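Take a look at this single chain, the form predicted on its own, given in structure tokens.
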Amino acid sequence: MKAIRLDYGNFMAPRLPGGVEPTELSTLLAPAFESALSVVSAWREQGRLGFLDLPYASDSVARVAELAGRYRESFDDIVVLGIGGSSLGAIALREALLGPFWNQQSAGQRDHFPRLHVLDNPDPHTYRALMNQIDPARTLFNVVSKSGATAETMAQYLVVREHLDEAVGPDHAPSHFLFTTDAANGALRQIGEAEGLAMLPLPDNVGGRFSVLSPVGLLPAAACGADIGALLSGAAEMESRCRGDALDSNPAGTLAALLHHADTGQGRTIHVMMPYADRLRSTALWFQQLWAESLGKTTSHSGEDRPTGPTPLAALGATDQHSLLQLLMEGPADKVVLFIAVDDPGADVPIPRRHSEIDALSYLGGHSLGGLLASEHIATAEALRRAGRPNATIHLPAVDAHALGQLIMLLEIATVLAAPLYGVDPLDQPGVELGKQLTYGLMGREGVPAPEIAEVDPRWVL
């Protein structure tokens, strides 16, 4: 199996005008990385970074495989109820490993594996539209919430439970649920134990946005035929590669150090992830949450609290060359771009030689769609370099389970290595809690007072 590669030459001077000088790698970035690595090593020894152990969790994987085999024979559809870290990873795995239009394919085209749907946003229109498309008697609902208190997910569970009671009867409804939740506590654990529902436990030391390689992501992917063994094997290989304490041989450390330096040292506060493959579009959205929620915090500096953290932005090549590239080239110099390129796109599509008399078309003939996409990436990276705009490329050998496992682990480790550079804890999300409490109060949760909401001022309403 081939390793993915990180090409960061377009960050470096003199190749990039105004780029990072090679001496800065050893005199500035390497010492900062070594300090960050010592913090991360201490976190690991304290048992806080459970995602690093997921590729080796054989007992958990065996349980996932057992349930996946059972469900793929019993159900035509699997619906994941979850939000944020409980949904984005499953969506990323579905699109990357199952391919486009999975749910639109016939049963034969899918080798009779189930369709996979994810309901994250509690939009009633989306809920009704999906329920009109599936047969409840042939559907499994995988409810994913570690706490069992996620308002959006639990509301969807209550609605689905009522629907199933009516559709298949209250005696049969429990067999249509799988709870992926905390091993000991929470509302889902309480309900599951009381009613004998199937459950998959989540490790205490794995948070939602780092949970894609846990049962959160593995179960729905495996039930639809994805090779989770290869996924975890790739993740294990990258975890091993990123243990080293030398910056020039640690891809996650290099990525974290360069992106942090671009932000804090050069004012490039917006980090754009731009894969050149439709199948990786949702991986960029998954990374957006990982980078934002882990690093966007308030930290103490010289005795004063101040906000810190970069702003991630998900894009797609070549689509967003037609929406963002003008801004990336000539707009404010506050952005870096992290491309993801695919060496082997798989089944390519040749471009026929037609209309040779038309210059705007004749040059395309004899090439392929995959070749065009690859050329678009190379050209865009070079254009940005010439404009003095830093960019790097992660090269995947192919969009397959082994490469995706490497990519996921690379980005997760880069995130926790970047956190000490910013002086923040990557595992908490205190800024999210106020919104949750206000929602609880507005919805009348017991013990949470109704909040005072600023009144609408008619002067500011058009």
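This one's a predicted model, so the numbers in the text were calculated from it and none came from an experiment. Residues carry their position along the shown sequence, with the first being 1.
What comes next is about the form predicted in complex with a small molecule, which does not appear here.
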Is the small molecule close enough to I83, R209 and Q289 in the predicted complex that each of the three has a heavy atom within 4.5 Å of it?
yes
Tell me, please, which stretch of 105-113, 377-385, 138-146, 325-333 lies within 4.5 angstroms of the small molecule in the predicted complex when heavy atoms are compared?
138-146
Can you work out which of T415, Q429, T393, S60 has a heavy atom no more than 4.5 Å from the small molecule in the predicted complex?
Q429
Heavy atom within 4.5 Å of the small molecule in the predicted complex, from candidates D77, E239, D120, E293, belongs to E293
Consider T283 of the chain shown here, and say whether it contacts the small molecule in the predicted complex, taking contact as heavy atoms within 4.5 Å.
no
Consider T150 of the chain shown here, and say whether it contacts the small molecule in the predicted complex, taking contact as heavy atoms within 4.5 Å.
yes
